[in-house]
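One chain comes next, on its own, written as C-alpha cells: the form predicted on its own.
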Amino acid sequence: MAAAFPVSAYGEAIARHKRFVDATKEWRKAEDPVRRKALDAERKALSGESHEQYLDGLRRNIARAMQAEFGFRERLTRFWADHFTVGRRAAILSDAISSYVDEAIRPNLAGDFATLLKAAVTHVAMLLYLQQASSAGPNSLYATKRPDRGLNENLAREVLELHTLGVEADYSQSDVRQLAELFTGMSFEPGEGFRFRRPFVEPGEETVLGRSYEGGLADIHAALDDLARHPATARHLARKLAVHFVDDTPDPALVDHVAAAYAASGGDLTATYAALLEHPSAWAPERRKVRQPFDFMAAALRALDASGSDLVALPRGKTHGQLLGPVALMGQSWERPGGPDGLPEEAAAWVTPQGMAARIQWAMRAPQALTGKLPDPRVFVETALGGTASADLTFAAGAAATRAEGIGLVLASPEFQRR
C-alpha cells in the first residue's frame, strides 16, 4: 500500500523548511517594501505546499487502509505511529508526520522492537517534537559558551515512560536525567536533517538502570537496545497491544502470553503479533473495541468499496469538508495529538455526544459525496457487518426511504462503531 499510495519524503519537508527559514530571515531584514512583499508571498506559498503535504498524508493513509489486502498491517502502522507519537512543533516540518511514519515506523513493523525504537526515537520529527534538538549537556562545550541553553529531559522521559518501560516501571528521576544527558548531541540542521553535534554532548559516563554508557551515537543506540530487551518493556508493550487490538481491559493471561513471546524472541515483533493473534481472548465473538475516528472512516469507505485513487485525487476543499474536518469533530485531530501519550484507548473517550453526532452526520452525507453510486442498503448491511447486524438494523436498512439514509443507518449503527 505504501508503494500504491506513496507520501512525500521527509527530506522534501526539510528542504522546504530551509527555504522558509531563509526567506523569513531575509524578510525580517528587508527594507524595500516590494522585496518584503515578494518574500512574504514566498513564505505563504511554502506554507501552502506544507499544508498540501499534510492533507495528502491523510488522503493516502485512508486510501491504504481502504484497499490493503492485509488490513492488520495498516492497523499496526497506526498503532505504532501513535505509540511513537509526534505532533506540531516546528513550522512546516509539523505537516510531514506521515513522512516520518513511512520512514521510521512502516519499514520496521515486522522486525525487532529495538530497530523500530531506534528509528523512531532518533528521527528528526521526534527530536523536534520533544525539543531534543536544542538539548545540551550542562557541562558540554556548547553550554560553557551558551549558558542559556540547557538540558531538556522530554525525550528521555518519554522513552522510559511511554516508549519502553512504562510509567509503572522501576526507574528513577536519576535514570531520566542520565538518559537525557546521554541523548545530548542528537540534533537537527535546517536543510540537512539529522546531525550529531559533539559540542552538545555531556562529557563522562551516564548510568541508566545500572548500566553505564559513554556519550555518542553508538552508545545511545546501545542504551536503546538495552531498554528494548528489558522485562518491563515486554510487559508494557504486551498490554498496549492487547488493549488496542482486543479489549480496553484485556485478559491478564493474554498480556502474559504476549509478554512471554516478546521476551523469548528477544523483542521480535512478528513473534509478538503471532502470540497476540493465537490467544483465545483475541477471538471472542463480541466486538469489544470502539473504532477510533480514523478507523471508523477508513472502515466505512472500505465497506463501500470506495476508490483509493479517487480519494487521493480529492481537492483541498473537499478533503477539508469530508475528511479532515469530520475526523476532528469525531475527536481525533489528524496528526495533531494532545500530547506525547497519543490517543486514548477507552471507549468513553470516543462515545461522546459530540463525537457520535459527528459520526452520524458523516455517515449520512459523506458516502454519497465520496463514492457516487451507493449500494443497496439491504446488501450493504451484510457486506459491512458480516451477519452480526441486529434484526432491527437489518429491517431499518431495508425500510429506509433512500439509499443514502439506509447506508447512513448502517454506518451510524452501534454495531459498526465497534470492532
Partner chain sequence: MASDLSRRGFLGRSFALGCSAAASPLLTPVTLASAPWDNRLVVIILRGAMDGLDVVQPYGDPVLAELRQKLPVGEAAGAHDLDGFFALHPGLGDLMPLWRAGELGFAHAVSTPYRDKRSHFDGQDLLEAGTGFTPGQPISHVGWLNRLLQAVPGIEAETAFAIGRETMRVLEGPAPVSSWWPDVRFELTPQTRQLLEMVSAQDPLFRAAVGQAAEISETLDLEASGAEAEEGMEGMAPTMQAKPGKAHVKVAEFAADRLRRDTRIAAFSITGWDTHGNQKAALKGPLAQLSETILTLRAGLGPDWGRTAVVAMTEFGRTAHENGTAGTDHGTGGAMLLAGGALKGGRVWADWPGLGPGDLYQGRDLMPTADVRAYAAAAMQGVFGLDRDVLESAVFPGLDMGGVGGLIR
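Positions refer to the first chain, counted from 1. Think of the rigid core as the biggest set of C-alphas that the two forms share within 1.5 Å after superposition. Owing to the predicted nature of the structure, the values given are computational and were not obtained by experimental measurement.
Absent from the display: the form predicted together with its partner chain. The rest refers to it.
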### Whether Arg157, Glu346 and Ile360 all lie within 4.5 angstroms of its partner chain in the predicted bound form by heavy atom
yes
### Contact segment among 224 to 232, 204 to 212, 288 to 296, 107 to 115, judged by heavy atoms lying within 4.5 Å of its partner chain in the predicted bound form
288 to 296
#### Entry: Heavy atom within 4.5 Å of its partner chain in the predicted bound form - the one residue of Glu153, Asp82, Asp268, Glu103 that qualifies
Glu153
### Query
Considering its partner chain in the predicted bound form, which of Ala275, Leu314, Val246, Ala119 comes within 4.5 Å of it through any heavy atom?
Val246
### Query
Taking 4.5 angstroms as the cut-off for heavy atoms, does Ala2 touch its partner chain in the predicted bound form?
no
### Message
Quick check on Ala23: any heavy atom within 4.5 Å of its partner chain in the predicted bound form?
### Response
no
### Message
Please determine whether Pro340 contacts its partner chain in the predicted bound form, using a 4.5 Å cut-off between heavy atoms.
### Response
yes
### Task
Could you confirm whether Ala284 comes within 4.5 Å of its partner chain in the predicted bound form, counting heavy atoms only?
yes
### Summary
Contacts from 67 to 89 to its partner chain in the predicted bound form (any heavy atom within 4.5 Å), listed N to C, are Glu69, Phe72, Arg75, Arg88
### Query
So, does Thr402 move by 2 Å or more at the CA between this form and the one not shown, with the core held fixed?
yes
